[in-house]
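This document starts with one chain, in the form predicted alone, laid out as structure tokens.
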């Protein structure tokens, strides 16, 4: 009888280790706010990672595609039911996360005899004007954080912190600025994840980040060129200047080529 709480805590600890292992090779996701709205960016090998949820809401995710699709469908259903029963203005990211998806993810994680969601989620919400945009990130255990200006997803909190440290040093006004910062931030995260996999957590570079190498533009562009050989760049916008209620649109290759850094543009074709 007295062993039951201990066994539950031990089981939850084992689930954390399992989920961390499953996410080690996941693809980072970056969300940044700029003057016109919000840019979401990632790379994939065919399965999309960025989606529209509602008029001013977009989703980015990493993890198992089936789990991500299931949670995406849940969010879509919640958003549209809320919009129908109340109004479009009542459909907010905070409401969907706090009273909808986060409790579902938390319950799945804590019920140790059922499969958890192998997924992390970034939900972006476009504000009515610049400076009012927001982000929510949800971990596989149902914990969530509200953020402004930018947010990231990566395999571990250590890698996410390295990406945030890089973002803090950047400024974004135009779409071109946002794309350049987002892809470099993605490279910081993806490179740090690969270093951790190749060298182990005890290696000095994996542990400290080797900050100079991680933020050097030439190093990041070289890493991006290698990744773009086998992966496709995904960029989606929540654009305040788009006419109509839905503010979501994707950046197609032609438009992406005009805002991509010159050193990387040939890799898009």
Partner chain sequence: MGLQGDFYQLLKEQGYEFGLSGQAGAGQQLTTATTILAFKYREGVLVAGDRRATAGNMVMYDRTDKVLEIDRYSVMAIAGVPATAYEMARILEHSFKYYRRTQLQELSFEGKLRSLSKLLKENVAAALAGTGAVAPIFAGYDPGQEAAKIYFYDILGAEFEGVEYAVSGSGSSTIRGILHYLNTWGEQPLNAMPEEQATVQALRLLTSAAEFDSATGGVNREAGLYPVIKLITAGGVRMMPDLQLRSLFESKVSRSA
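Positions refer to the first chain, counted from 1. None of the values given here were measured: they were computed from a predicted structure.
Not pictured, yet referred to below: the form predicted together with the partner chain.
Contact annotation: of the candidates 198, 77, 111, 145, the single residue with a non-hydrogen atom within 4.5 angstroms of the partner chain in the predicted bound form is 77. Of the residues given (53, 227, 215, 233), 53 alone sits with a heavy atom within 4.5 Å of the partner chain in the predicted bound form. Of the candidate stretches 78-86, 155-163, 132-140, 177-185, only 78-86 has residues whose heavy atoms lie within 4.5 Å of the partner chain in the predicted bound form. In the predicted bound form, the partner chain lies farther than 4.5 Å from every heavy atom of residue 99. In the predicted bound form, none of the heavy atoms of residue 22 sits within 4.5 Å of a heavy atom of the partner chain. Contact check for residue 64: every heavy atom lies farther than 4.5 Å from the partner chain in the predicted bound form. Mapping the unseen interface onto this chain, residue 70 counts among the residues with a heavy atom inside 4.5 Å of the partner chain in the predicted bound form.
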